[in-house]
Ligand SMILES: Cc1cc2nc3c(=O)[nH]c(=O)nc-3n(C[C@H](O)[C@H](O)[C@H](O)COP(=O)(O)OP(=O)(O)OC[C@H]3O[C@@H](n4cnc5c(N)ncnc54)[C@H](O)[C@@H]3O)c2cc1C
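Have a look below at one chain only, the form predicted alone, in structure tokens format.
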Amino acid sequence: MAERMRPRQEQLVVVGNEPVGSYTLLRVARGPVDPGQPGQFFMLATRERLLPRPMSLCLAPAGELGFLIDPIGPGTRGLCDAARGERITVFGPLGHGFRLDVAHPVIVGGGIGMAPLPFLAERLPGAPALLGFRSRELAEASALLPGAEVVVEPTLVTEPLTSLLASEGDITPFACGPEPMLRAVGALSPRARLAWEAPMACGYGACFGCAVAVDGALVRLCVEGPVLEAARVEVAVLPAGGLRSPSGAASLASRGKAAA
């Protein structure tokens, strides 16, 4: 298993903010920050916002870090509106990412949950990818993962996954997306590796905003996760309906909430 890098907090310069369908790809100069492992996350904040937002790394080209963000609230809109040359606070990498030690992986994403998957695909060359979206406009983000099989509702991404499992058998899904999708993927393959999401404010276990039931005990998802094997996760014990779906690149951000 790759050694986890020590997280750093840095003021990094925005080098681009580009629309990708309904989402925004925020690019910052990497500076001394290590990109970490696919599925780990970073806490991002602009000067105007008190609390940071958790975002998974989407792309890591030379000298840059790229984050795919769904601008759904003041915090995420502030990141998406950050101007070229502006500095934002970046803290990470944090949490535990995907363990890549499997023979036959398949990448599965739902909506903005596809955010960490382009970086993951770089580390899993040749792995098939399945992406599901609610609309064709949202599906434009699939351009960041060339070669992926894309489905749009009413077709669910679990449908091609079911067919792949039936034909191939010995495969391990690596998935990120809304909670119902993750639970469906886990039901199809208990050994699936899932990037879960929960509200959080710190990223290192101090706020206890992301507590979930794992192996019969409450754990902080930002410390134990965000990536966990499907068989380990039981029932979320969070307010407002438990685990929430992705806000964007973050496998720990909430979707459609004003706080985002």
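Nothing here was measured: the structure is a model prediction, and the numbers come from that model. Residue indices: 1-based, along the sequence shown.
Separately, the form predicted in complex with the ligand exists; it is not shown, and the next lines address it.
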Among L131, A139 and S142, does every residue place a heavy atom within 4.5 Å of the ligand in the predicted complex? no
Does the ligand come within 4.5 Å of any heavy atom of P190 in the predicted complex? no
I72, heavy atom within 4.5 angstroms of the ligand in the predicted complex: yes
Does L65 reach the ligand in the predicted complex, with heavy atoms at most 4.5 Å apart? no
Answer with yes or no whether M55 is in contact with the ligand in the predicted complex, where contact means some heavy atom within 4.5 Å. yes
The ligand in the predicted complex: contacting segment from 131-139, 153-161, 74-82, 99-107, heavy atom within 4.5 Å: 74-82
Counting only non-hydrogen atoms and a 4.5 Å cut-off, give the residues of 103-119 close to the ligand in the predicted complex. I112, A115
